[in-house]
Structure formats: C-alpha cells, structure tokens
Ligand SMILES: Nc1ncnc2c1ncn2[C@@H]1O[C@H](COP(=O)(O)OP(=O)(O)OP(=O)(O)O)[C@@H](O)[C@H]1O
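Just one chain is shown here, as structure tokens, and it is the form predicted on its own.
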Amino acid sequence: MSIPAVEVHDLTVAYRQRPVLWDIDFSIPEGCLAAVVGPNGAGKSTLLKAVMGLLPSTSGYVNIFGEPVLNKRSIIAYVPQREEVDWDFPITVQEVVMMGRTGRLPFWRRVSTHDRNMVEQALTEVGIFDLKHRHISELSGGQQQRVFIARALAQDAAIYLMDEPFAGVDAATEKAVIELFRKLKAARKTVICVHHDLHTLADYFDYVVLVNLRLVAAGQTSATLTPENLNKTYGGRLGLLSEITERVRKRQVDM
C-alpha cells in the first residue's frame, strides 16, 4: 500500500485548554481532491491549520508522506480565508505571488529567473497575469482569491490546503478554480479544501472528511455522503440531506 499524503492520528487541538477538536483520525491518499465539511463552528479551519502545523496539538500527530508535518512544511502550500488577509497592505499582485517562491529560498539567495518564470506561470494559470502590477486592494473578491491560489501554485507544492477557496467568488472564478484543481489532481498533487456547498461536493471532490468537533466519517465521497453520516454531521436537516444523497446516487448512475 502507498503511503498516504496526509495521515492524522488521534489529533486533539485546544484553545486556552479548551478542546475544539477531539480524537480526529483519518488519512488522505496522494493525488485526490478532498473536502473538509461540517457546520459552522465544527473546527474545519482549525483542522486545516493543525494539518499545516500552524496550531499545536494537545495529543496525536500529523504525518505528511509518512514523516512529521514539521519535516515536510516545504511541500505544503496554504491558502487562508480571504477574511484573514489585510487587503489594504501596500503590495502588488506579483509581489504576493512571489512570496510563494521567496519563502522557499535561503536568506542568502536572490530571486532567480526560474523563480520569476514560476510566478508568471502561476499568474497565467489562474488568469490574472494582466493584473500583476495592480495593488491587491483594487481587485474583486474573485481576483483576490486567485492571487492567493497563484501564490500557492508558485510554491510548486505536493499538497495544497485551502480554506474556503470558493467563498464569495463569482461563477467564472469558481469554474476556473475547480478546473485548476483537476489539473493538480492529474499531476498527482493533493488538494484539501474546507468547503461549504454540499450541492457541489460530489461533482468537485472525490474524497470527503465530515467533522463536527469530532470526526464523523472520512473516505471516498460516493461511499461517505450517506444520510446517516450527514445526519450525524448536521443534526437532522433531513430535507437537505436527502437532496444531497440523491445527487450522489444520480452521479454514480451517470458515471
């Protein structure tokens, strides 16, 4: 069996001695598109930050390709929620994306032609090359999201952790982002997103992690999005849950 891209084992995370995630245990295979799903306040963003190694754990561990996450931080790219970014900071689109390269460089090495090419390629990939000299405050919500996705692409990472990449974006941006994710999957990259829209889960993601302070279930989307698991996660919104599971069933039939 191949080594999982991400393995989370018995992970508990606490703020000020108050646990916000308990005994989380799952693994995600290499080269898949995975969604972390649950109600508001379920600990989804906390889980993503703990996987990245940005938050300390009270117990348990996170391995990346079989090694502790702190040994593998250089192959992980992280895209925060847009609300966590200071959009008034005086910096251009190109400079933000270049951070994806300079964060990997030793202090003594200057930015190279290869680094600049990687930045330009990332900007082109997300469709904002013509905006590279714009200040980030001048961009729309969808364009701002593309900037930080481009920064992650410039890192040329193996694992991409994205906190609500579709939140507040227009339909064109959402379509462009999911097409980009599919390209990353084809290149054996692993993408893990906090995601809210249950209606698009089966279409966008092949793996899902259901959390509500504890792990409810994790696995292939087609097998994991069951009425029972969704009921445990969301607490009985039966009309919505039936609709989602029916969408999953129809997608399996169409395939």
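These numbers were taken from a predicted model, which means no experiment stands behind them. The numbering used is simple: start at 1 and walk along the sequence shown.
This protein has a second form, the form predicted together with the named molecule, left out of what is shown; the following refers to that one.
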Partner proximity in the model of the complex: N229 to the named molecule, non-hydrogen atom cutoff 4.5 Å: no
In the model of the complex, H196 touching the named molecule (heavy atom, 4.5 Å): yes
The named molecule contact at L11 in the model of the complex, heavy atom, 4.5 Å: no
Touches the named molecule in the model of the complex: P39 (any heavy atom, 4.5 Å): yes
One stretch from 27-35, 40-48, 215-223, 65-73 that, in the model of the complex, holds residues within 4.5 Å of the named molecule by heavy atom: 40-48
Heavy atom of each of T92, H133 and E174 within 4.5 Å of the named molecule in the model of the complex: no
Residues in 68-92 close to the named molecule in the model of the complex, defined by a heavy atom within 4.5 Å, in order: Q81
